[in-house]
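The chain below stands alone and is given as structure tokens, in the form predicted alone.
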Amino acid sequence: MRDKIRVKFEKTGMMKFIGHLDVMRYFQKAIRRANIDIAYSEGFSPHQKMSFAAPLGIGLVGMGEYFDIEVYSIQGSSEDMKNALNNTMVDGFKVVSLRKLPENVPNAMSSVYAADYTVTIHGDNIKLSPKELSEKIIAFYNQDTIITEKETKKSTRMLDIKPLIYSLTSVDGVTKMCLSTGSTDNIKPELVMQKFCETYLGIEYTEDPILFDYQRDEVYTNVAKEGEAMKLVTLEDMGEVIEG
């Protein structure tokens, strides 16, 4: 019987420029170096049983990132395994917690429902005081609809993203937002700020020069039953601490 473990980690500093595939390869090596008894798939080319939650875009800091692994056996406590992994980490990666998942919990990728982000102005590329920015952000969010173009792999469609922005606040120039995330309605903070720039700042959103810095703070699942109001729980809280 294999056990499922959920790993929460941070991705900061220069590591924010590392793409998802390289992050996955890095943790595969870290798991081996930490001597965690990870399970492997069968067949001619066995690979580690590992599943990441929503991949983080290049250039974004991540303070609440997740992946699941399957292990043949649990060796030590959550703290023991966390320390073993952190002893292999380079600057910019840090394991925050490991939790054992109950049998009926879906994997991290299929659990994702929403995510929290922090957005700040990058340098002096926008000439607004923190108070002015916050006032404009709130006015932007108070609209009845926020219609924008959203590109998919096959086409571009018009979409009202207002229902997919679960919350948006801005205080002293620091903007916090909770967005729909996952395979069905995945909204990126860049899309929100692009529409904000076009409609409330009258400027074109660009990545060069960089206008905003983005940080993903946490990832959530929705545990509400059918017919109930949305009830968000962190992916971390779906697991249980492993005692020594």
Partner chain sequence: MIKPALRDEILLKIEKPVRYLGNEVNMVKKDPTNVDIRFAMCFPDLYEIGMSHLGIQIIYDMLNRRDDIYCERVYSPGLDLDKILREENIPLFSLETQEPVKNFDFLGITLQYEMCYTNVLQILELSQIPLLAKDRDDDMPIVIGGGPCVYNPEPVADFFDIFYIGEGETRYYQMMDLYKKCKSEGLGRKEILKKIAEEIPGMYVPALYEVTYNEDGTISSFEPIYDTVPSKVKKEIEWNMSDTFYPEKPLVPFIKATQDRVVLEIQRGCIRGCRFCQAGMIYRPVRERNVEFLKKLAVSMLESTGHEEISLSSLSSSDYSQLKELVYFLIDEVRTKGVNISLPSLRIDAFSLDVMSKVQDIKKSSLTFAPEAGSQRLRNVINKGLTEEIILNGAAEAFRGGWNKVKLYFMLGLPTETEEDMEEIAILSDKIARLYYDTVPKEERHGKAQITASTSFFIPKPFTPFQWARMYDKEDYIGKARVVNAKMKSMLNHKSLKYNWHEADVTVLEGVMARGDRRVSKVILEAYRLGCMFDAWSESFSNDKWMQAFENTGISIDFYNKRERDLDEILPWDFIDAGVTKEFLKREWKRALEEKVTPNCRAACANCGLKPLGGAICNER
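Residue numbers count along the first chain shown, from 1. What you are looking at is a predicted structure, and each value in this text was computed from that prediction instead of being measured.
The discussion below concerns the form predicted in complex with its partner chain, not included here.
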Practice task
For the three residues 16, 40 and 210, verify that every one has a non-hydrogen atom within 4.5 Å of its partner chain in the predicted bound form; reply yes or no.
Solution key: yes
Exercise for the section: Look at the stretches 117 to 125, 158 to 166, 100 to 108, 136 to 144 and give the one with heavy atoms within 4.5 Å of its partner chain in the predicted bound form. Expected result: 117 to 125
Practice task
Verify the contact flag for residue 234: yes if a non-hydrogen atom of it lies within 4.5 Å of a non-hydrogen atom of its partner chain in the predicted bound form, no if not.
Solution key: no
Practice task
Spell out, yes or no, whether the shortest heavy atom distance between residue 172 and its partner chain in the predicted bound form is within 4.5 Å.
Solution key: no
Practice task
Answer with yes or no whether residue 91 is in contact with its partner chain in the predicted bound form, where contact means some heavy atom within 4.5 Å.
Solution key: yes
Exercise for the section: Check whether residue 176 has any heavy atom within 4.5 Å of a heavy atom of its partner chain in the predicted bound form, and answer yes or no. Expected result: no
Handout entry: Neighbours of its partner chain in the predicted bound form among 1 to 38 [non-hydrogen atom within 4.5 angstroms]
Key = 12, 13, 14, 15, 16, 17, 18, 22, 25, 26, 28, 29, 32, 33
